[in-house]
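Single chain ahead, by itself, as structure tokens, in the form predicted alone.
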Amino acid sequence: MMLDQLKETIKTALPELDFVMGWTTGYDPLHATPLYMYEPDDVDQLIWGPLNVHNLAVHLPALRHKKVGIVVKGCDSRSVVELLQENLIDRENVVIFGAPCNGVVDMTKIRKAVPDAHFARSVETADNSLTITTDKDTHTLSLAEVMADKCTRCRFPNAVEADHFVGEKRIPAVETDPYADLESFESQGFAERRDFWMAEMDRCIRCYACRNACPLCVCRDHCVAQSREPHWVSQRDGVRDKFMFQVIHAIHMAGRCTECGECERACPMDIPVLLLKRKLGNVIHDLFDYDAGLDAEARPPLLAFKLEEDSIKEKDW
């Protein structure tokens, strides 16, 4: 069984590490939570499956001076690669344990399908389904029904970089990102798109969960949203200020965002902020033929400088 192999692999490597990060069952059987494995007994609590929604790479920069292991899905591994590219972590201090991912769930979709999901008593997962037993009933959902949108367009179900890979590699859901969601949104007129974002930003509570969950949003105490010098964004609760922060966040992530979707998953208001990052990612892809988080040796295009970019012919304008 793949999970058993993964546990044995971690136990073998654990003596050389400070600890290994993975997932375990959280405050109820439906919510996984990060697991820090220091001892072999800790490893026995590890779980693997569609409930492992968090991207644990967000913790790596703060652990830079420790030698740690991390269990990754394909999207998580892209974040690790991007952190390596930006010299925010040291490769020799990180041991990557990868396994094939069949997709993770979207808790918002589950809550819509199972209104009493907050009272889940047990959850059984299979390759293509999820069975949730609550106080009132038992619900069997297809994984496709409640899968996170990012997983439906996943090109990297296997870790793109791993020291230890366990299990049989999966075939990607798609070969190229169709950006169908983006195309559909942009087919609307300007007024419709503006009204959409104004309505979405009006719901934002400025909790910054989107920022805090992002593995590549590393400004932290120097974040433009809270800085007083320069004071780019006020703390007023207006739509313009909230949208200003999201636009700045998206631009900061241009060419760096691996589209792991943590910003959107962490949003308590279900605001589709990943759409902004995907727009910038699409622009970067078209301009530089570049996708973030695939090659630890590559340099993100906006972190490099050329007198003239191959795809931007300024002298011809």
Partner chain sequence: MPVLNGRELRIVGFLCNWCSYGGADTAGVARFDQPTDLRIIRVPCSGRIDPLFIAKAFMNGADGVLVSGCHPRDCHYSEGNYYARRRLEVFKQFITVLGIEPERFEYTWVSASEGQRWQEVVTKFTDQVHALGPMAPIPEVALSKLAQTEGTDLRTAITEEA
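Positions refer to the first chain, counted from 1. What you are looking at is a predicted structure, and each value in this text was computed from that prediction instead of being measured. Here the rigid core means the biggest group of C-alpha atoms that line up within 1.5 Å when the two forms are laid on top of each other.
Keep in mind that the form predicted in complex with its partner chain is not shown, yet the notes after this line are about it.
Interface residue among 141, 173, 218, 198, judged by heavy atoms within 4.5 Å of its partner chain in the model of the complex: 198. Contact check at 4.5 Å (heavy atoms) against its partner chain in the model of the complex: none of 96, 154 and 165 pass. For residue 47, no non-hydrogen atom is located within 4.5 Å of its partner chain in the model of the complex, even though that partner is not displayed. Its partner chain is not shown here, and in the model of the complex it never comes within 4.5 Å of any heavy atom of residue 178. The closest non-hydrogen atom of residue 2 lies beyond 4.5 Å of its partner chain in the model of the complex. Not displayed here, its partner chain is kept clear of residue 295 by more than 4.5 Å at the level of heavy atoms in the model of the complex. Residues are counted as partner-facing when one of their heavy atoms sits within 4.5 Å of its partner chain in the model of the complex; in 1-20 not one qualifies. After superposition on the rigid core, the Cα atom of residue 16 is displaced by less than 2 Å between this form and the one not shown.
With the core held fixed between this form and the one not shown, residue 308 has its Cα displaced by at least 2 Å.
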